[in-house]
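So this first bit is one chain, no partners, the form predicted alone, shown in structure tokens.
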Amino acid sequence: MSRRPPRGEYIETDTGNKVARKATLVGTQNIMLGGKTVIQQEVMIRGDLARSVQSSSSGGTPASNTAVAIGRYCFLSRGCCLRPPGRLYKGSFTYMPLRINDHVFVGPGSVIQAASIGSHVHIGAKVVIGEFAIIKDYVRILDGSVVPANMVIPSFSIVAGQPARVIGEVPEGGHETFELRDLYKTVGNNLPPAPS
């Protein structure tokens, strides 16, 4: 008799990451997950778009090829796409890494091409973040916003619009809403039935 559990909707890794079977992760050797991250169905992570230029100053050892690095307790909603930003570098086109810190929520249908996203960031639904944008800690980007390429969003900002601009700041004491530990616990294969 087999002791394996039945195939569920999610694959759970040793570090607690929950990856939907219907998610598309291309170039998995170039994708780093910090742990306790949820990747829902129809999410696309482009790890195949890795840096192609080798570092010559390191004595012949290849440069790090991590294309997408995601921290702990991140939540990637259905249908979002993460792809590293690209540019001309030393005469040839190459991709730079996309770094996402801890407790980052990415809403459904969003497309992210940022250089870095800080901790405790909430990105709404159908948001587009342009290449090489830098988003600091405790930022809320409202639904439908388009963050232009190379924009730097300061900490504790609320951002909206097409093109996006800072429209306010996260109120004092409003930082608890960025915690994603409880949301992480609601996703999985063998959850108790919801109370009726």
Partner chain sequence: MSSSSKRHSILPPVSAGPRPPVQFSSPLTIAESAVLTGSHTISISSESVIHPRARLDSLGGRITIGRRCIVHERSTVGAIGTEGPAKGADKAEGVTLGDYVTVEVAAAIEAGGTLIGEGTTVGVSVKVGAGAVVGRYCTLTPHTVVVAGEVIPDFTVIYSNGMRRTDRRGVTELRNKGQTRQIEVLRRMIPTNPAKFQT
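None of these values were measured; they are calculated from a predicted model. Positions refer to the first chain, counted from 1.
Keep in mind that the form predicted in complex with the partner chain is missing from the display, and what follows is about it.
Residues placing heavy atoms within 4.5 Å of the partner chain in the predicted complex fall in a single listed stretch, namely 86-94, out of 114-122, 86-94, 99-107, 68-76. Not displayed here, the partner chain is kept clear of residue 151 by more than 4.5 Å at the level of heavy atoms in the predicted complex.
For residue 163, a non-hydrogen atom is located within 4.5 Å of the partner chain in the predicted complex, even though that partner is not displayed. Interface residue remark: residue 169 is not counted as part of the site for the partner chain in the predicted complex, having no heavy atom within 4.5 Å. Residue contact with the partner chain in the predicted complex: residue 21 places a heavy atom within 4.5 Å of it. Applying a 4.5 Å heavy atom cutoff to the partner chain in the predicted complex picks out 42, 43, 44, 46, 48, 49 from 31-49, in order along the sequence.
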